[in-house]
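As structure tokens, the next two blocks hold two forms of the same chain, structure 1 and structure 2.
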Structure 1
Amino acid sequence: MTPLKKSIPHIFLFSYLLVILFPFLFVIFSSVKKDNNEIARNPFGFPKEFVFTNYVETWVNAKIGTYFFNSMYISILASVISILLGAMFAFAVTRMKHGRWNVALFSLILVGMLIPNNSLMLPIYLLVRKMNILDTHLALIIPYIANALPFTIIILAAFMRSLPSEIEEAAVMDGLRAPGIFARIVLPLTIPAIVTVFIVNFLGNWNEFLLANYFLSTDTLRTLPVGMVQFRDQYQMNYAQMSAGIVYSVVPVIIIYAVLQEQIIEGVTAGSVKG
């Protein structure tokens, strides 16, 4: 194969990368421009003057700090709880012998993946109102957990099925019962899949808008996606500060991918190979 043919895939991927990154570069440049007029005059160009005060004003005056921490702890808490519940369920249907109940319960979870989330919005609202948790963070945390469970269980169950049964047999010989096998053996071995599921669930919770918009009315309880639509001054949309807010919303995702990229790849591929 000639060097030119070898370079074609790299050229294609590099071009694709530029297309993907171009909108984000536009947001970064806009976030450090002076005002809307400069963005309008030179929308895709390099800023003439770097105005980093946009980030300070966005964090303080636009309450991005409050929205940011609301989104952060709601997303992390819901993701962790959904993984804990999903891992226990996946362990029960894959590593414990319950006969036909395993197939029936797992099939029920598969059905849950087929129901569109938007079609459940009205029933969720009625349940949340009946539980008297409307306009609280629990109104988001509980639906987020329930929404993430089917995907979490399916991925973790696929990974747990690939674990050799000899590990459990050795643990039983050492005197471990089911809770000990789950907590001390299966769960640590499932870390790559758990990391992958955590990233997917976290991103889904972090970017969720509809429930957060309709279930929370108190400004100090709002999450970052809902808070982003509040970037209005007395006369018009402040695009420079809005761009700074978008950067704040993207930074946690970039950090998570940069730190956990190896675990994410391992978690995606490991469950596909029988151990």
Structure 2
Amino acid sequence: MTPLKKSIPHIFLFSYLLVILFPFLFVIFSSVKKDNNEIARNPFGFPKEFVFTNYVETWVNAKIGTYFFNSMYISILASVISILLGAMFAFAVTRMKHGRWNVALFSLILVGMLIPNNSLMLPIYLLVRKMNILDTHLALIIPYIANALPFTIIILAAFMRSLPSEIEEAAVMDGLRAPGIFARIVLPLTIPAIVTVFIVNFLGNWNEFLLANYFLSTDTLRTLPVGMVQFRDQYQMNYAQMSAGIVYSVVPVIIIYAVLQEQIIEGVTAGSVKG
């Protein structure tokens, strides 16, 4: 094949990459430009001078620090708890001996994957209000835990099923009971699947917008995506600072992605294929 012919696919793919990556570059450049004038005069190019005070001012003005912390702890806590509850459930239905119940319970959870959860938002709003946790972080944490359960259970159950049954025989010989087998044998062996599920759940919670937007009204409780939207609406005209805000909210995701991209791609696509 001629070299020219060989490079044709790369030309197409590079144009696609340009479309994907250029917006990021535009935002990064804009975030260190002096003001809107500077951005308007020179939208594509490298900044003439680097104004890093945008970052400082955004962190303070927009309370990005507060939102960042809220998002971080809500996302981690909800992901960990849904994995714990999901793993217990998955263990019970895959490794314990309750034949027909196992099948029925597992199928019930599968149904959860088919329900478009946006359309359940209103009753959940009401439920959260009745539980008296509206406008507290629990209003997000508990629904996030519940929402992640079907996916968590399906992936963990598939993994637990593949573990050989000799493990339990040996554990029972050593005098372990079911909770011990779960906590000391099966859970540690499931860690590869748990890591994947954790990342997927974490990203889902970190990015969630609708519940976070409507279930919280106290400003200092808000999560990062909601805080960002609010900041944009307030400081509509300051595009340099807005860009700095975007950089703040995108950087953690990019770092996680850079480190774990193989696992993220695998986990997210696994979930969607089954969903």
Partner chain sequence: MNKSLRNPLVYILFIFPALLLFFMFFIYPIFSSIYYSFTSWNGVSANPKFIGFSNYLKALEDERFWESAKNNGWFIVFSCFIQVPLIIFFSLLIANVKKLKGLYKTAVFLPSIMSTAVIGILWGFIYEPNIGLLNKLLGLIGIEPLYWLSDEKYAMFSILLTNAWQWTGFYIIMVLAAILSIPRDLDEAAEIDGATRLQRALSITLPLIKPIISVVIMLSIAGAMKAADIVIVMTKGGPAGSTDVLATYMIKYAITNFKYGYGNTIAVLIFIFTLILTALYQLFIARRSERIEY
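None of the values given here were measured: they were computed from a predicted structure. The term rigid core refers to the maximal set of C-alpha atoms that superpose within 1.5 Å between the two forms. By convention here, residues take numbers in order along the sequence of structure 1, the first being 1.
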The form predicted together with its partner chain: 1 or 2?
2
For residue 39, does the CA position differ by 2 Å or more between structure 1 and structure 2 when the superposition is done on the rigid core?
yes
Core superposition between structure 1 and structure 2, C-alpha change of residue 26 at least 2 Å
yes
Superpose the two forms on the rigid core and tell me the Cα shift of residue 10 between structure 1 and structure 2 in angstrom.
8.6
